[in-house]
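Next up is one chain by itself, shown in structure tokens, the form predicted alone.
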Amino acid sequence: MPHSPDELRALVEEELHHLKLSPDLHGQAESAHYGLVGVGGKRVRPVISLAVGEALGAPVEQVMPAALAIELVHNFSLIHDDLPALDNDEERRGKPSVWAVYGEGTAVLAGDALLAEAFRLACRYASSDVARELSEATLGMIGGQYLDTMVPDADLVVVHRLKTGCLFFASVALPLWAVAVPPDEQAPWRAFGKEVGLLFQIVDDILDDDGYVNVHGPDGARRLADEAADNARARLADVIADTTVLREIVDDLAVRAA
């Protein structure tokens, strides 16, 4: 029996709490661990990765390094996003952000540490494909953040496709490589990855009264979220696998702002 989303989330949380960071980080590991675990998180991306792996018949242990790598990259981006030079947020999920606790310089290094640790996890696989896919997603995410924070009136669709969509796409693509799915069999999965990232972003904007809501209004954003959810479900229907858990994840994302 595949694990439920809540069970997968608990497995991810357990692994993150016990993740051993490089001893060469010395005291820096404390701030990195705080940014990764101390401020919490939904863990949606690694849960999707593990669910994809189980749908493909792989044990959780096989996909876990890739799933954790994505979460570390995500948290690296959040630590840096909160810095005064970017979003200047003193809180993250109701708790002090890393720079507010440890100072700006330490927060920069904490984010750097998580990024490096993410690629150390991705390099556990015999093939370089996991690390390569993660690198491409990370570069896209950074480009999206640049457009979002440094370029006035940047195209919202492009910003979200990069800033949010790239890591969600990777959450589906990385387990394909971890399980050694042949490239010519990956297309349906990758199509799903594109849709689920868009769904998450639109719903987040609805909850934050921002982004797509500002452009399309509350009702328009809700219609876009419903369309994205329907498209994600349709893409899952094209996959030859038991995608029941992934369908549940899509349904949960869709109703967060219902």
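Predicted, not measured: the structure shown is a model, and the values here were computed from it. Sequential numbering from 1, following the sequence displayed.
Just so you know, the form predicted in complex with a further copy of the same chain exists too; it's not on screen, but the next bit is about it.
K.L.:
Does every residue of Asp24, Gly140 and Leu147 put a non-hydrogen atom within 4.5 angstroms of a further copy of the same chain in the predicted complex?
P.N.:
Result yes, every residue of the spot touches a further copy of the same chain.
K.L.:
Taking 4.5 Å between heavy atoms as the contact cutoff, choose which of Val157, Ala180, Ala187, Leu86 touches a further copy of the same chain in the predicted complex.
P.N.:
By the 4.5 Å criterion, the partner-contacting residue is Leu86.
K.L.:
Answer yes if any heavy atom of Pro152 is within 4.5 Å of a heavy atom of a further copy of the same chain in the predicted complex; otherwise answer no.
P.N.:
Outside the cut-off, so no.
K.L.:
Could you tell me if Phe168 has a non-hydrogen atom within 4.5 Å of a further copy of the same chain in the predicted complex?
P.N.:
No, Phe168 stays farther than 4.5 Å from a further copy of the same chain in the predicted complex.
K.L.:
Would Gly94 count as a contact of a further copy of the same chain in the predicted complex, using a 4.5 angstroms cut-off between non-hydrogen atoms?
P.N.:
Close contact is absent here: in the predicted complex, Gly94 is far from a further copy of the same chain, nothing within 4.5 Å, heavy atoms only.
K.L.:
Contact with a further copy of the same chain in the predicted complex for Asn231, defined as at least one heavy atom pair within 4.5 Å: yes or no?
P.N.:
It does not: once a further copy of the same chain is placed as it appears in the predicted complex, Asn231 has no heavy atom within 4.5 Å of it.
K.L.:
If contact means a heavy atom within 4.5 Å, which one of 25 to 33, 187 to 195, 47 to 55, 200 to 208 is the stretch that engages a further copy of the same chain in the predicted complex?
P.N.:
One stretch meets the cut-off, namely 25 to 33.
K.L.:
Heavy atoms within 4.5 Å of a further copy of the same chain in the predicted complex is the criterion; list the residues of 106 to 126 that meet it.
P.N.:
The stretch touches the partner through Thr106, Val108, Leu109, Asp112, Ala113, Leu115, Ala116, Glu117, Phe119, Arg120, Cys123, Tyr125, Ala126.
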